[in-house]
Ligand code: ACO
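Quick setup: one chain, the form predicted on its own, written in structure tokens, and binding and motion questions come after.
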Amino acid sequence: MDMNVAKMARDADHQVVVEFEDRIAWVRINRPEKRNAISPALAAKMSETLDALETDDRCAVVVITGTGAAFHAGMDLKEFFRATDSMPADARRRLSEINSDWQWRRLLYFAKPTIAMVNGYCFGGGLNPVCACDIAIAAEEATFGVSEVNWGIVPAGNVLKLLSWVLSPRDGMWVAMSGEPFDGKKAAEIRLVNEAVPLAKLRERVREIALSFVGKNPYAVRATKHAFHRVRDMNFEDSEDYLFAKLAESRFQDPEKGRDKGMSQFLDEKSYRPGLGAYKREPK
């Protein structure tokens, strides 16, 4: 991270809160007075936070959520747009890159499982991390929307691209063109999120899912996640070849030698059934 970005991140130190629990890193966007809208400084802080967590042994899973009534209400229009209108084009592009870095680019190929815990308002750019995280769980009471069309602009920042990844064309067009808000139940119905649960049970459900990832082989989880994204744009023949190559690679790259342990526990010890959970790993 360059010096200017590092300074921006320091300006938002209090706007990102990280708590560790059972190797889950709970990352909370902490700007409730702005419904957790993202400023340039906050974007830099989130990028810095993900950098740190990727190599932090206290973290096996990242959960992203928000403080108060919002998850992430999109971009701070004053700080990210009006205040930067007079800046040189290169400077504005750099700010956009910083925000894209944490909102989707890093998350898509993050080295550890990521979960979006949507606790409240989620608008515009706030949908990016929801789409880019591996898993998304919402409160039934949460409110989603892509409202840009209502005030005369095109949803940018790759919101449309990410929506086209996770939604059917019919649902994606409705979300983007109508500008209408919808709740967590509807978000689950159109598969924007995996599940919607009552707000009172949201953290409990997300913790349950996060702990299931903590118990799995981290190399296998990471390789599976990356391969899933890679094969989406491949034909069947290239995909098959790629996946066989990744499978062979895992036997040499996995420090846990998970394949050998799983095989031994299943075939030799008769202590493990693959369809009923992860093989027994040594505690970290």
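Only a predicted model underlies this, so the values are computations on that prediction, with no experimental measurement involved. A residue's number is simply how far along the shown sequence it sits, counting from 1.
We do not show the form predicted in complex with the ligand, though everything after this point is about it.
Colleague: Mind telling me which stretch in 118-126, 184-192, 198-206, 161-169 gets its heavy atoms within 4.5 Å of the ligand in the predicted complex?
Modeller: Answer to the contact question: 118-126.
Colleague: Identify which of M75, L107, A210, C131 has a heavy atom within 4.5 Å of the ligand in the predicted complex; exactly one of them does.
Modeller: That would be M75.
Colleague: In the predicted complex, does R28 have a heavy atom within 4.5 Å of the ligand?
Modeller: Although the ligand is absent here, R28 would stay clear of it in the predicted complex, with no heavy atoms inside 4.5 Å.
Colleague: Applying a 4.5 Å heavy atom distance criterion, does S147 contact the ligand in the predicted complex?
Modeller: Answer yes; at least one heavy atom of S147 falls within 4.5 Å of the ligand in the predicted complex.
Colleague: Given that the partner is absent here, does E237 sit within 4.5 Å of the ligand in the predicted complex, heavy atoms only?
Modeller: Looking in the predicted complex, residue contacts with the ligand do not include E237, since no heavy atom lies within 4.5 Å.
Colleague: Consider K246 of the chain shown here, and say whether it contacts the ligand in the predicted complex, taking contact as heavy atoms within 4.5 Å.
Modeller: The answer is no: K246 has no heavy atom within 4.5 Å of the ligand.
Colleague: At a 4.5 angstroms cut-off on non-hydrogen atoms, which residues of 30-46 are near the ligand in the predicted complex? List them in order.
Modeller: Stretch hits, in order: E33, K34, R35, A37.
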